[in-house]
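The chain below stands alone and is given as structure tokens, in the form predicted alone.
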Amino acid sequence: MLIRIAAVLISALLSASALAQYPNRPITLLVPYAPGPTDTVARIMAQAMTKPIGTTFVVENRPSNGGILAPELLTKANPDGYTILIHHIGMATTPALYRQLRFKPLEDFEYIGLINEVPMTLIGRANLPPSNLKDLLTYIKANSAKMSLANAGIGAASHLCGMLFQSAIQVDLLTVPYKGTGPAMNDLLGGQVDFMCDQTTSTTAQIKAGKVKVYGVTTLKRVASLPEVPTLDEQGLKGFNIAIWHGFYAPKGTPKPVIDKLSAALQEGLKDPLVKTRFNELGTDPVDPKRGTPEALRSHLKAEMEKWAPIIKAAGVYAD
């Protein structure tokens, strides 16, 4: 009996010592997509959080359709704070999209905090005839059987925006899913597809370079980095509003002191002037550091799940 008690005490002391020393090696940051918008946000924040957390981050891309592989891997990771995940709005939509999902967003993770909210833009290939949204809508209705709408895969931000756009204009289009934003953008630039809706983090540079046509911003306010581009709402698609957000997650059971350290590092990173500069260049902004908390992320995730479930159900879109 005494030996058992001593073993428990020693284990507790060792655990306390490990927590006090956390982190003492690099932290793996899982990214659920190939290089693209989410990967860019991950690398910016990894750099900004290195000093406040006291170690480096190793970014590991684990792409898959819908970005579901990385969260699955996180559920199997050791809950010691050395493996975390970045994910976007897809964390809120996968339960409605996938009949068989091997994780539950509101039950299987610990939450670290929100990172940013990213507007999106509706863009077309450079030689698409319409030059504004009004003409685009007329063109789409006259050529709907021939128009192709690209996205980065089922459940991706571009897929969600595309669904909302089709619902708003009441037209069904040929959608072309890709394995990531990069391949979709490449085919749009090459003229193999007609248009797509994607985050400003991946479209701003192409818009400014004149490589694509832009038809509007998806949020209710214009984007500071693209002030001349009107919103879809102000052009007649009243109430059209979608922004893509990112958050950090940890495995279920990660000790609270570890989560607190990660959240504190995130909040410090969000204050970094370089982060704001880099994000602004991409057409986004970091959230207020007060939202870089576990409570803020969980609350936002829950609200987004409740928002998107009926939209996805009405669209009748499912992934196996």
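Bear in mind that the values here come from a model prediction, so they are computed numbers and not experimental data. One rule holds for the numbers: they count along the sequence shown, beginning at 1.
There is another form of this protein, the form predicted together with a small molecule, and it is not shown here; the text below is about that form.
J.: Picking from 47 to 55, 247 to 255, 32 to 40, 289 to 297, which part of the chain touches the small molecule in the predicted complex when contact means heavy atoms within 4.5 Å?
T.: In the other structure, the partner sits against 32 to 40.
J.: Please check if residue 218 has a heavy atom lying within 4.5 Å of any heavy atom of the small molecule in the predicted complex.
T.: Judged by the heavy-atom cut-off of 4.5 Å, residue 218 is well away from the small molecule in the predicted complex.
J.: Does at least one non-hydrogen atom of residue 180 fall within 4.5 angstroms of the small molecule in the predicted complex?
T.: So residue 180 counts as contacting the small molecule.
J.: Does residue 93 reach the small molecule in the predicted complex if we count a contact as any heavy atom within 4.5 Å?
T.: Contact check for residue 93: no, nothing within 4.5 Å of the small molecule in the predicted complex.
J.: Does the small molecule come within 4.5 Å of any heavy atom of residue 200 in the predicted complex?
T.: Residue 200: no, not in contact with the small molecule in the predicted complex.
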